[in-house]
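Next comes just one chain, in structure tokens: the form predicted on its own.
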């Protein structure tokens, strides 16, 4: 199969519905209107992934401040199943890593992954993320309800 063109694009009021549909298909949890309202204001922290001009993935992040530390939280990063293993997730995560590189005040990236999601756990481990904590009953209405907290500390030289 010929490799397709993979590109990232901005999330806008015109394509936010595509992100909603994508997230409904990819993730076992649903996100509320406030989530999407925030995503529209996230700028570089929210991107849609296109494969030959078709939306097949998306990444949404926010800056989290706790104990005076700025951290980047990956709220969602997902890709439709038929398009996995084509480098789309890598491109989205690379975008996030590049963003963090340019911002000297962000010291780590973190996210939650359902404990049963081996594919996601392996994916993030390949990029140097480590499980730092496991939260019981993190998810509502899905099994297993527990989530690993994965974190990657950014070393600023």
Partner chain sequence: MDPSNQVLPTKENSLFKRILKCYEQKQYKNGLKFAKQVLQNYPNHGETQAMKGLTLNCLGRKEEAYQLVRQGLRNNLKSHVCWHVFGLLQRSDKKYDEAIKCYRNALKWDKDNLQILRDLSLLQIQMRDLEGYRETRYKLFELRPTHRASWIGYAMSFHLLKDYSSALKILEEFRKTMQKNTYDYEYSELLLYQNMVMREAGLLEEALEHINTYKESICDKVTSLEIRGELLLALNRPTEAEKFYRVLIDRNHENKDYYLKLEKALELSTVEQKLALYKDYSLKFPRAHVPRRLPLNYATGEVLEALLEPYLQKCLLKGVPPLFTDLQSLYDQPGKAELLETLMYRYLHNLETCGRLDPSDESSDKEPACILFVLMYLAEHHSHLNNTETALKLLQRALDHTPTLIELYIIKGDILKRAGDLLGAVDAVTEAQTLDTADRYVNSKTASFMLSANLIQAAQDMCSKFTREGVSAMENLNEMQCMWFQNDCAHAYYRLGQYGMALKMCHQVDRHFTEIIEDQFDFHTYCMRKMTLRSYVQLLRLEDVLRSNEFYWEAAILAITIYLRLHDKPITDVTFENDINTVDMSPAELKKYRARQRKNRKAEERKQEEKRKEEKKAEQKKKQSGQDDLENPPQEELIPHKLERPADPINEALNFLRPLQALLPQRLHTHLLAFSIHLRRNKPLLMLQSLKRAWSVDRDHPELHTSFVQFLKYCKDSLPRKYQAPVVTPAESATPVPLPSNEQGSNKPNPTNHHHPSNKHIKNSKDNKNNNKDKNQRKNHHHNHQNNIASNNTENCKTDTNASTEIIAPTKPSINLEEEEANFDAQEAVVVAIIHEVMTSLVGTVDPVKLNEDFLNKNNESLPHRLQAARSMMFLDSVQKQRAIGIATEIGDHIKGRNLENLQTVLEWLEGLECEASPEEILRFKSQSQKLFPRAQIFMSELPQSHTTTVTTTTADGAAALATTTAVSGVITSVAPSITDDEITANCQQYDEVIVNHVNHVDG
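Residue numbers count along the first chain shown, from 1. Here the structure is a predicted model, which is why all the values come from computation and not from measurement.
Below: the form predicted in complex with the partner chain, not depicted.
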| item | value |
| --- | --- |
| 4.5 Å heavy atom contact, residue 54 to the partner chain in the model of the complex | yes |
| 4.5 Å heavy atom contact, residue 74 and the partner chain in the model of the complex | no |
| Contact test in the model of the complex: residue 18 vs the partner chain, heavy atoms, 4.5 Å | yes |
| Non-hydrogen atom contact residue 11 with the partner chain in the model of the complex at 4.5 angstroms | no |
| Which of 46-54, 63-71, 120-128, 98-106 sits within 4.5 Å of the partner chain in the model of the complex, heavy atom basis | 46-54 |
| Any residue of 73-95 that, in the model of the complex, places a heavy atom within 4.5 Å of the partner chain | 80, 82, 83, 86 |
